[in-house]
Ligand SMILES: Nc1ncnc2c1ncn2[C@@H]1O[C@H](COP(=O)(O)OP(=O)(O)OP(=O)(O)O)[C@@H](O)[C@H]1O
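Presented as structure tokens, the chain that follows is alone, the form predicted on its own.
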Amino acid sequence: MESQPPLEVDRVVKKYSQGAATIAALNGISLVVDPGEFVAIMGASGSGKSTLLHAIAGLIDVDGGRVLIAGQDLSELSDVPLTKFRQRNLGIVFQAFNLIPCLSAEDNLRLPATNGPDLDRQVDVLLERLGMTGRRNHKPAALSGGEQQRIAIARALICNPAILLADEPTGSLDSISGTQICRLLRDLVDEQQRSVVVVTHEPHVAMWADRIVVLKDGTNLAEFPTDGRRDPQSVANQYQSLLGAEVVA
């Protein structure tokens, strides 16, 4: 039997009431992400990209269609099973890091994990892989923005999720730190066959993906491959031609 893809979004609809009107933030979006694939979701403000990521993460209910993670339809899970499923199968990275200030870097990354015989080894491996071994005992205030995001990524990976989701992961970082985080995400795909989905409006972030999906008004507008080129201007040009709006690389 063919294995299920890590992520399948099947004609998902999400509606919100706005006064007397009903707005479809997502209007029949479909998306499949394969094992070891890096997908960037782009779109203008209000296109539905963050709403889509929240639906994929099971943070909001959808009004139609299905979101399947490793074959599991999220709508079939009640609150507590959904929380446990999300913890085991999804890693989520946000722009704001969301680290607990009073905890060390190591304690922050351990938060989602349950104690087990291999946990200490997993922590050591992740800290080394992300270049944070020497900063493990530092609290967030003593870490740079890039270092805090590395710990947030490590925390998202500690339960070995089927897919890693990142919402504007470089939005709070300078360009050098942002490039380091993008390269790290790319390495996770290439070296560990992780599946990664990143929401961004930045061509210099999207260029690290294998495929770019463009949303407009809550629907799939188009998609295109990057062909392995790390060329933000090429991404910006294709994105601009699809949206018909000015995009700066």
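Note that the coordinates shown come from a computational prediction; the quantities given were computed from them, not determined experimentally. Counting begins at 1, following the sequence as shown.
This protein has a second form, the form predicted in complex with this ligand, left out of what is shown; the following refers to that one.
Practice task
Using heavy atoms only and a 4.5 Å cut-off, determine which of 122, 72, 95, 89 is in contact with this ligand in the predicted bound form.
Solution key: Selected residue: 95.
Exercise for the section: Name the single residue among 201, 211, 66, 186 that comes within 4.5 Å of this ligand in the predicted bound form, judging by heavy atoms. Expected result: None of the other options qualify; the answer is 201.
Exercise for the section: Could you tell me which of 202-210, 49-57, 28-36, 176-184 sits within 4.5 Å of this ligand in the predicted bound form, going by non-hydrogen atoms? Expected result: Checking each option against the 4.5 Å cut-off leaves 49-57.
Problem - Contact label in the predicted bound form: residue 45 to this ligand, heavy atom within 4.5 Å - result: Flag for residue 45 set to yes.
Handout entry: Proximity of residue 23 to this ligand in the predicted bound form, heavy atoms at 4.5 Å
Key = Residue 23: yes, in contact with this ligand in the predicted bound form.
Exercise for the section: Determine whether any heavy atom of residue 241 comes within 4.5 Å of a heavy atom of this ligand in the predicted bound form, and answer yes or no. Expected result: No, residue 241 stays farther than 4.5 Å from this ligand in the predicted bound form.
Exercise for the section: Check each residue of 16-37 against this ligand in the predicted bound form and list those with a heavy atom within 4.5 Å, in sequence order. Expected result: Sequence-ordered list: 16, 17, 18, 23, 25.
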